[in-house]
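Coming up is one lone chain in structure tokens, specifically the form predicted alone.
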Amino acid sequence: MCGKPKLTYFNGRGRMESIRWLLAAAGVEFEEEFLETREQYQKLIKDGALLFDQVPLVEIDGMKMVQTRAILNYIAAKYNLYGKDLKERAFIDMYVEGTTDLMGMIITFDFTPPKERNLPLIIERATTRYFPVYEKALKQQGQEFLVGNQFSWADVHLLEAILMVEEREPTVLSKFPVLQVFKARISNIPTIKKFLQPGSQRKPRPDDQYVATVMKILKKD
């Protein structure tokens, strides 16, 4: 008998947050174990739990899964958030890769030395490279969702990306009316709405303490 998925990671967003989002969107309850010491991390490696000595680690359906994209693919397919056919899956993949690139810039932002941080570049990329693509796709299709007129992983990922950028620049959607409507609609899907409420397993924006903890755990001997 399989219990709830178990997520092992730091007590913060990082590469695990998109996994939390996708499970929550699918209405799946999950447990979490937080890495707080380097000894915990080293034990996982010693026990062979981490295929490439890296987290995130998700224990699901009797597997110990690593590599963020593989985990997300599995969850999306398992819970019918990965399109109806191969073509829809290809479009979902393309849209997800775009939002992954954008969110990657934000995920690494707080780990970058202050003098090297470039928030204007992130906002510029969001408003000229990424958001216009999604605005156009939704407008051209005249549909509520990015792919196949049904809720998918691509929609979940895009909402996560929008909210991450808005934390840094609240007016970032001012020139994207379709995305504004999309944000409101997806945010009100019951499972998403629940995840966005205070007290959920959604993690807050990284602070200095979180960054210091991650660096301490991952430091090389």
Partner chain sequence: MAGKPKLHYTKGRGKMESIRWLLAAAGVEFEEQFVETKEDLEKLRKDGHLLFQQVPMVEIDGMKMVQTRAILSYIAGKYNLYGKDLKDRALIDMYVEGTTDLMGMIMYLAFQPPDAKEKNLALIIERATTRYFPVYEKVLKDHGQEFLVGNHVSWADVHLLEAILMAEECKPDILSPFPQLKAFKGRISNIPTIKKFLQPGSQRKPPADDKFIAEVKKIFNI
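Numbering follows the first chain given and starts at 1. Since this is a predicted model, take the numbers as computed values, not measurements.
Separately, the form predicted together with the partner chain exists; it is not shown, and the next lines address it.
Mapping the unseen interface onto this chain, M105 falls outside it, with no heavy atom inside 4.5 Å of the partner chain in the predicted bound form. Looking at F109, you'd find every heavy atom of it more than 4.5 angstroms from the partner chain in the predicted bound form. The shortest heavy atom separation between Q67 and the partner chain in the predicted bound form is within 4.5 Å. Although the partner is absent from this view, G98 contacts the partner chain in the predicted bound form, with a non-hydrogen atom inside 4.5 angstroms. Remark: all three candidate residues (L51, D61 and D93) come within 4.5 Å of the partner chain in the predicted bound form, counting heavy atoms only.
Proximity to the partner chain in the predicted bound form, taken as heavy atoms within 4.5 Å, picks out 51-59 from the listed stretches 27-35, 155-163, 51-59, 180-188. Scanning K139, K84, R117, R129 against the partner chain in the predicted bound form with a 4.5 Å heavy atom cut-off leaves one residue, R129.
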